[in-house]
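We give structure tokens for two forms of one protein chain below, kept apart as structure 1 and structure 2.
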Structure 1
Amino acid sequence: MDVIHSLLIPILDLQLLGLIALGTFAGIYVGAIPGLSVTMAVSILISFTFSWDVYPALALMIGIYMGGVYGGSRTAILLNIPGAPAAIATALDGYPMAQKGQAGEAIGIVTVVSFIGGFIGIFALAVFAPLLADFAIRFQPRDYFLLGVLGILLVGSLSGESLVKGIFAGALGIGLGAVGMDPLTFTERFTFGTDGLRAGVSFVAVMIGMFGISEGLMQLHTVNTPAVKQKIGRIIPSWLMVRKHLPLGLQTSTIGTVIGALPGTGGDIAALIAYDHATRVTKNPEVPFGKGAIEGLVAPETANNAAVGGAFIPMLTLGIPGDAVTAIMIGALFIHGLNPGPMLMVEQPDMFWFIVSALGLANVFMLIFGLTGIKAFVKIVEMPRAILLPVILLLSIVGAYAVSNSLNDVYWMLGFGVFGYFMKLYGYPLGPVILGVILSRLLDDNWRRAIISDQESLWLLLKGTLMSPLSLVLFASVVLIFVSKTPLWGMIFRKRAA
């Protein structure tokens, strides 16, 4: 009865219900504006809600979190500017659909599959929280390092036909992520004596520049081309289409939940791994990946929304944040006198079930708000390019400045925009650069922890990797993905087929 009562609290209390709805609505549009991250919005909310009761404060934060993860797909589809890192993979097939006049269909299918992925993540939180938390705590530093390497190698899935260009772009991103003060020794790295580089390079500035400014510069080549008229017919996808892609959605939702439950990962890595999984299991897509494949929308969007529920698992059961947003929420719980961790579910199970219920309601509101207003939203891509390009530039400048109120971020954004333009001209993918910047800290920190824990011996590190079943699976996956992207793999399969 206590569980049912806790689940019903946000449903029966109109104030809490309204705060969840308001947070979800605001989160969708915060997530859609590049630079206005969900993490920033939730952190700002703490200063406004610290005097509130814990339930209303959490209700608003959870709504913004759920809406923001979904909202990043809007501008990814319409403008090829991901509103959040988790939407980078969505842009690969969403933007080509918008260019064909199918923006409404793309947003419709993304909204529905995001709801499905979110529900599966919340279900896993409610049912498998202790089990998945136990699995997540088994990860050693070498496992996190291998997970990061796995993410970088997966750039092969995002880099067209050239593995070399994809790896180069990923390595460039890792190098950019290493700029600044070394977090372990506090020495300068790649700063060249410049004070402005000590704080590092903002990945948001890199992301907005690479995707926003470079896209604007590319469109200058076709500034007089008439805009594609979007076909806004049936926005809600048919049951036949949903059923067709449901098996893939269930697989990638599971991937998203598990990745989300690993402390310090998040929806961006989950979306990347899910997209790669989709390219491998989808044998004959109706449209090739990267050209507007529905599967290329289903996989990352189910995964990054399922990762929301997954991220709460280590937070509530171990007191370890699953991602940046749940790290802020841990701070909010401490402010309100709660101690997230193993004893929270024992001493205050009502808080656990309240969060489960609030996430479920936010997921429902995301579906409702996501399917309304699409016709007005897609008018963005029907604007003449002479008007749209200055708007893109303005949004990019505002987004880059809003992160830390720094003009340096704006300069970096403009510089990376020009650099990204030339990368596009010469066929280098941009997605791996952003992913490299994001994964750089994960790789750096966990490589050091792994090598220090093994007495700085590569042999002991390799031995530990081969002796641990979890590490061995990750290591084998890294080797398999690398080999599968080489010409040798194709030659072997052609000979077997012959």
Structure 2
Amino acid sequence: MDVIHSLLIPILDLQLLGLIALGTFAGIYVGAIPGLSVTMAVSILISFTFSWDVYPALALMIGIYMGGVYGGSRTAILLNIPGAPAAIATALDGYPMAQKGQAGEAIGIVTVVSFIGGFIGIFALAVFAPLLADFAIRFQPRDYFLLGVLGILLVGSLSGESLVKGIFAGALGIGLGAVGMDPLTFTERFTFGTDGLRAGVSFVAVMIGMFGISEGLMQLHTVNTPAVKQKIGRIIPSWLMVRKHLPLGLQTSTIGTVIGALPGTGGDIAALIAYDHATRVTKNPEVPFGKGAIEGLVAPETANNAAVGGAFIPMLTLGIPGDAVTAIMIGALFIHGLNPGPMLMVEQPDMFWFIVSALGLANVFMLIFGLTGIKAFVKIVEMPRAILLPVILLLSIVGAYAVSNSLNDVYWMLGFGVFGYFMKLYGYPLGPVILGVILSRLLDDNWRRAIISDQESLWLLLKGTLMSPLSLVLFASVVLIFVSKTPLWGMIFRKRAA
């Protein structure tokens, strides 16, 4: 009964229902505008909603997340400019369809399969997260430590051009998270004797700087790129077409959920892997891949929306974000005094079921808004960036100030914004920095607990790791990621191939 009651909270509360609808609607717009990422939107929003109750704040963010992941496909199809990284694969076949005058058909099928993918991801969240949480209660501190390291390595290796740059960015994030007073011994860390650093660096300011300002600055390189106008025809796809591609959609939704559930990965990686899967399993597509194949739309779009539900699994069960957006949402939960992890599921199951229900509703709203009002969306993406960018920058400044009504946070935001801009220019991924900041405390606490329980002996810690099946799998995964990015890996496989 409690589960049903929690599931009904956002449905029966008109304010929450309205916020989910508003968030989804806004998310589709944010996702559809190239240069505006969902991560940017949610990171700015967190500072405006932290004075709210947790349910309305989450309702709005969940709507934006779900709508934004889908919205990126709009410009990928219409302009060949993916609105979000998760829609990169969608452009490969979506734009050729638009060039043939089938933009409406492409948008229609993308909307329906995104809904299917989203539903499967949410279903997996509802079924597997409680099971994983039960299991996670038995995790040792060393397992949490290894999971944190694994998450940073995964996002570092998959989202950037090199693992070394990913590790650098992740380590920087962990260091940033350590700034201030150590909560166990009250020792100052990285404060350089200044009072302003004793309270630590506001991670919201870091996030807004890294994802809001730096992205805004990057967009200035192409500020005068003219928008391309497209005509939209038939939108709602036929049931026959949907049924024909349903088996592939179910496979790629599963891929999306699993990839999304891996700590540190997200919809962009899920979409690319799903696209690759579709090219291998589809023997005779009606239209070749890259020239307007429907399968090339079904695979990435089911996967990236399924990854949304998947990303919440490690976030809610282990306290480890599935991607950058869930990293920010963990920050939002911290602000509201909640501690995501296995105990959240035990102590506040209503919160979990609320999130499941809100995601489900956002998915339904995405279908409704996606199939209607397409012409309005087309108009919005034609809005000049020279007007849009100053507004985003202004919102970023206001957002950073609103964290604690402090100009210091605005300076931090600007500093990290400029720094993040240079990091982007020179190929450093930003995701691991945020993940590092969020996971810093978890890594530090669990490392210290683990090593103290093993009497400060690295040998005992290693022995314990090798004796526990879970720790061993996590440790092996960490080693595997390392080795796979070294020349040693290439040498082994070249020898085998020879």
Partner chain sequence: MQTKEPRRPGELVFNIAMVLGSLILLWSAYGISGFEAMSAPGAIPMVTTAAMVICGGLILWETLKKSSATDEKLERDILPLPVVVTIALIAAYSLLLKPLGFIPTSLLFLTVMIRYLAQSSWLRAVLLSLAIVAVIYMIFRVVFTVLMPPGIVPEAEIIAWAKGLFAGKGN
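Bear in mind that the values here come from a model prediction, so they are computed numbers and not experimental data. For the two forms, the rigid core is made up of the largest set of C-alpha atoms that agree within 1.5 Å on superposition. Just so we're on the same page, residue numbers count up from 1 along structure 1's sequence.
Asks: Structure 1 or structure 2: which matches the form predicted in complex with the partner chain?
Replies: Form predicted in complex with the partner chain: structure 2.
Asks: Inspect the rigid-core superposition and answer whether the C-alpha of residue 26 shifts by 2 angstroms or more between structure 1 and structure 2.
Replies: Superposed on the core, residue 26 moves its C-alpha less than 2 Å between structure 1 and structure 2.
Asks: If you line up the core, does residue 113 shift 2 angstroms or more at its C-alpha between structure 1 and structure 2?
Replies: Comparing the forms between structure 1 and structure 2, which are aligned on their rigid core, residue 113 does not shift its C-alpha by 2 Å or more.
Asks: For residue 200, is the CA shift between structure 1 and structure 2 at least 2 Å following rigid-core superposition?
Replies: Moves: yes, 2 Å or greater.
Asks: Rigid-core fit: what Cα movement does residue 465 have between structure 1 and structure 2, in Å to one decimal?
Replies: After core superposition, the C-alpha of residue 465 moves 16.0 Å between structure 1 and structure 2.
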